[in-house]
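In the block that follows, a single chain appears as structure tokens, in the form predicted on its own.
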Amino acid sequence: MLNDAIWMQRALDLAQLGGGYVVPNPWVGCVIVRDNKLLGEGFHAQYGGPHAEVNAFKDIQDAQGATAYVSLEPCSHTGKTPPCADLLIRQQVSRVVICNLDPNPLVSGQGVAKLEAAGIEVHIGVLARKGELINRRFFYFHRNHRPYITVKYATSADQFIAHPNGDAHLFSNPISQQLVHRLRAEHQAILVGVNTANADNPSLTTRVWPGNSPMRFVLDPQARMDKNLHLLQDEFPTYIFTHEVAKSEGNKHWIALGTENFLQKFMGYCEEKAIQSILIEGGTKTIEAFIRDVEVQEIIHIESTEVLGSGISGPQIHPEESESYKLGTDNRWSIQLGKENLA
């Protein structure tokens, strides 16, 4: 079991290398071992590209009798790529060790069943807790059929998010900025409210961390967005959710949700479009609305050592169990995970 844990940790480390590029697919790593010697390894590196198992076997001439360590149950269906369970069977491995079963109903135990029917020994659950954390957004979506919501906000030491006139203030140091862009790459969509959009003129793209930019959402019930914002002038798609305005101009789309139950209708839209994860970077009102009216799975608070003295107050959040990390000399991250992720 000690060796199984060591090799599975390597598979989990590999899985995270694809984190910014595979959304909405899960992060998966695979290691092929025989007689406790590494034969090959790989990870899912790009959405629509070869799966981890395919990359792991790429340069192996003979894997007969080997053990495959896979961070997620091998797929058993043909999607953008052929079934990985079939590949493991063709390669004549004798044993497959799996970190987590895949909750996607297209797989969900069928990969294991196919391997066992072929006479392959299967072990499940090695470092399962770590695997759950790595793929928590993917797992939550497939188990609950709604997006995983992460709230992220930054404040001064005295809990202000902006100056009294609404002007933005940069609280994140360069390390925090990189990690925020990593968060963007790891989520399928990013969201702000119209007040934040108009005041900050953000791009909401991934720039200082490798990875794909998320879909960009703006909650704008009264259609008040400034037409000169980056979000409406650049080359990337933007989705603006309003009460009544419904139109498209190039890759900018206004979606009317009506005047009642606005946030619930927005969540219904996301569920219908299979949006797996959303990073909320909006202002205080937007963040508090999501925490009050929607099930939020993760809250990240970046706190600067800088004191503003006055300004617009940050969201009123009463943290439960959280972990804190110091980033540099002037930033602290507090991360609160939902109970499902702490189990």
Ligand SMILES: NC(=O)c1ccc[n+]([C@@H]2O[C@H](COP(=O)([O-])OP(=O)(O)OC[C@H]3O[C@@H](n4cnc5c(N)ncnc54)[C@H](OP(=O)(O)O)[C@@H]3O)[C@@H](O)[C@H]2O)c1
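This structure is a prediction, so every number in the text was calculated from the model and none was measured. Residue numbers run from 1 along the displayed sequence.
Only in words, not in the display: the form predicted together with the named molecule, which the text now covers.
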| item | value |
| --- | --- |
| Triplet D4, C30 and Q110 all within 4.5 Å of the named molecule in the predicted complex via a heavy atom | no |
| 4.5 angstroms heavy atom contact with the named molecule in the predicted complex for Q222 | yes |
| In the predicted complex, D200 touching the named molecule (heavy atom, 4.5 Å) | yes |
| Partner proximity in the predicted complex: F262 to the named molecule, non-hydrogen atom cutoff 4.5 Å | yes |
| Interface membership of G283, the named molecule in the predicted complex, 4.5 Å heavy atom rule | yes |
| Heavy atom contact within 4.5 Å of the named molecule in the predicted complex, the stretch among 84-92, 247-255, 152-160, 227-235 | 152-160 |
| Contact residue in the predicted complex, chosen from I299, I312, I275, A66 - any heavy atom within 4.5 Å of the named molecule | I312 |
| Sole residue of I60, A289, V54, L308 within 4.5 Å of the named molecule in the predicted complex, by heavy atom | A289 |
| Partner contacts for 182-200, taking the named molecule in the predicted complex and a 4.5 Å heavy atom cut-off | G193, V194, N195, T196, A199, D200 |
